[in-house]
Structures are given as C-alpha cells and as structure tokens.
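What follows is a single chain, given as structure tokens, in the form predicted on its own.
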Amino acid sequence: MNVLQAGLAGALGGSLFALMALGLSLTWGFLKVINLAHFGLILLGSYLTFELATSTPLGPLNTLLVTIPVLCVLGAAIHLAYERFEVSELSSLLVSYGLLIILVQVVHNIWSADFRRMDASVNPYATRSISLGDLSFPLPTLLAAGFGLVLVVLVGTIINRTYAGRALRAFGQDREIASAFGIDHRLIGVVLAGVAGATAAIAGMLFALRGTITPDAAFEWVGLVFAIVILGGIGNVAGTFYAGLLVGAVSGVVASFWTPSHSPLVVFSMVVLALVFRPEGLFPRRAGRH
C-alpha cells in the first residue's frame, strides 16, 4: 500500500510539473522557440498569487483573474520581441535564459530572497487532504491534476478540432507553405505565446498553493520540466501531461524504495533512453495529427 500511495501521490504531484511543461512544449513544438523565460513567468505567477492573496480579499484561486491576463500579455510581448529580432531556435535558448535571469532578479528585488508562504488563513488548501480508503492525497496536488486535465482537454481540442488549430499545426510543420496559404503566422504566434503565459499563471498559482516559494525555485524546475517535455514529445499536449504523471509516479516509487535523492537518476536515465530509442517521445500522437 505504501508503494501505491507513493506512486499515485507522485503522479498527482507530477501533474503540476506537466502544467509547467505545457507552455514550454507548445512554444517549442509549434513556434520553434525554446523559451526558458517561461520558468520566469511561472515564478512571477507564484509571487503575484502570494502578493494578491495576502494583501487583497482575493483568495489564491481568484488571483487567476489578475495573473492570467497579466502573464498572457507578458508572454505575448516576449514572443513579439523574439519575432522582431528574428531569434532562431538555438539562439532563443540563450536569449530566453538571459530573460529568465532578469525575471528571477526582478522577483528577488521586489520580494527579496526570503522564503514566502501564505499562512493557513489565506491558503486553507495547503493543509487539507482527501482520503480514499487507506490512501490520502493533499488537496493542492488534486487541484493540479484537475487543472492539468482540463487544460489538456481544452488545448488539445482547440489544436486538433478547430481551424485555428489546423492553422497552427500547418505553421509548425512548414512556416513558408503556411504563409503561402494565407495563414497569419505572427498572429498565431502571439496568441499561442499568450496561451503559454496563461498556463504559466495557473502553474504559478498551484505552486504557491503547495507551500514555500523562493526566487531560485525557477532554476530548480528546469531539468525536471525539460525531462517531461522530451518524454512527452515536443509539442504533444496530451503526451506532456502523461509524461508528467509518469515522471511523478516513478519519482514517488523510487523515493519509497530507495531515497528521494535517487529519483533524478532514474528519471534522467529514462530521458537518455527516450532520446536514443524514442526521440519523438514516449506518447506518439495519433495518426493524422501534427
């Protein structure tokens, strides 16, 4: 039962990192931008959640009414800058890393390097859990899984079943041909970058719900989130979510059998094997989809 608890709790916890990975996977897969600044947006979302929840009547969940529009606009603005200066896929890795450092420093300057946590009167979710028989799951991880599932279904439906989604898939496959057929790649890119910013706001809020936040957390997310993007398949919405659940479950089981410090060894061994044997990801898209 301990192994089952560890695996399920780990999978639910992994759904939060899947949410973090979703925006990165979308911009990398469709816009050919490796946007490390996305981690800075998530961090900013966490701190804005903390600030709004502790200084206004808004509860943590209601802060999304503010953070989603703000980070949507900021994400779109960053992409416009990439487009304006014609930043290539490889260069975006370096440029966005610089933007990540700037965003981390901005957070550091405003909120300091001290740990921040919403107390129980503001964030009642952190201390609550739901039990199913002998199994018990923290409420923040259940919320992360719920938000993740809704976003995967919503974004996946838009990409696979709407004209805008078909245009986006065409743009991701061949920009020149897509433009020749009248697809406005600049508008599509800005909208998708805005959507990625919105996912960063949600992920940031959920991370703040879990407990303590600190500016350096953004750097700690990079390795695990990249692992999820690679295992799920770059640009694969559902695959990213499944990979987050898988990585979380594996980490939980390894921690219960071994020690938590050995979880990265197993996870990144999976990444290496995936790059060698399944470079398209462990969860291929269905036939006929981008």
Partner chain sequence: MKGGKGWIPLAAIALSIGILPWLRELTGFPASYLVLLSAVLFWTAQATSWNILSGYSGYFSFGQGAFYGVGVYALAVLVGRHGQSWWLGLLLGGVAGLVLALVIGTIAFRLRSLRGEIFALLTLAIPFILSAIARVTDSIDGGQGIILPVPEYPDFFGPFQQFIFWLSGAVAVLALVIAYGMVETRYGWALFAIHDDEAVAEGLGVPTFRHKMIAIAANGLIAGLSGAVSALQVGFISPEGTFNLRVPLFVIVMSVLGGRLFWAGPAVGALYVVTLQNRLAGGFEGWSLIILGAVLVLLVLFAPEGIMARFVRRPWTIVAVAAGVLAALALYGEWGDPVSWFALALGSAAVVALLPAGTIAGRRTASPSSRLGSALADPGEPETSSPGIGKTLVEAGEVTRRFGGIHALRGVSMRLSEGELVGLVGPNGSGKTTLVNLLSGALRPTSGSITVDGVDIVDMAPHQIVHQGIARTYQIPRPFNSLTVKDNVVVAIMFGREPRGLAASRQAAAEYLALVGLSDLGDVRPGGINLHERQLLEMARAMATRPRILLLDEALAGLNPVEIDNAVAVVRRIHRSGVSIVLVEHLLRVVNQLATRIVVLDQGRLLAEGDPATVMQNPAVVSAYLGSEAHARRD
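Positions refer to the first chain, counted from 1. None of these values were measured; they are calculated from a predicted model.
Although not depicted, the form predicted in complex with its partner chain is the subject of the following passage.
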Flag this candidate site as yes only if C72, A200 and L246 all have a heavy atom within 4.5 Å of its partner chain in the predicted bound form; otherwise mark no. no
So in the predicted bound form, is its partner chain close enough to S55 to count as touching (4.5 Å, heavy atoms)? no
**Prompt:** So, in the predicted bound form, is L90 in contact with its partner chain at a 4.5 angstroms heavy atom limit?
**Reply:** yes
- Query: Does at least one non-hydrogen atom of G156 fall within 4.5 angstroms of its partner chain in the predicted bound form?
  - Reply: no
| field | its partner chain contact at F219 in the predicted bound form, heavy atom, 4.5 Å | value | yes
Interface check vs its partner chain in the predicted bound form: of V95, V190, A126, V152, the one with a heavy atom inside 4.5 Å is V95
Assert contact_stretch over 190 to 198, 204 to 212, 137 to 145, 96 to 104 against its partner chain in the predicted bound form, heavy atom within 4.5 Å, equals 96 to 104
Those residues of 234 to 265 with a non-hydrogen atom no more than 4.5 Å from its partner chain in the predicted bound form are T259, S261, H262, P264, L265
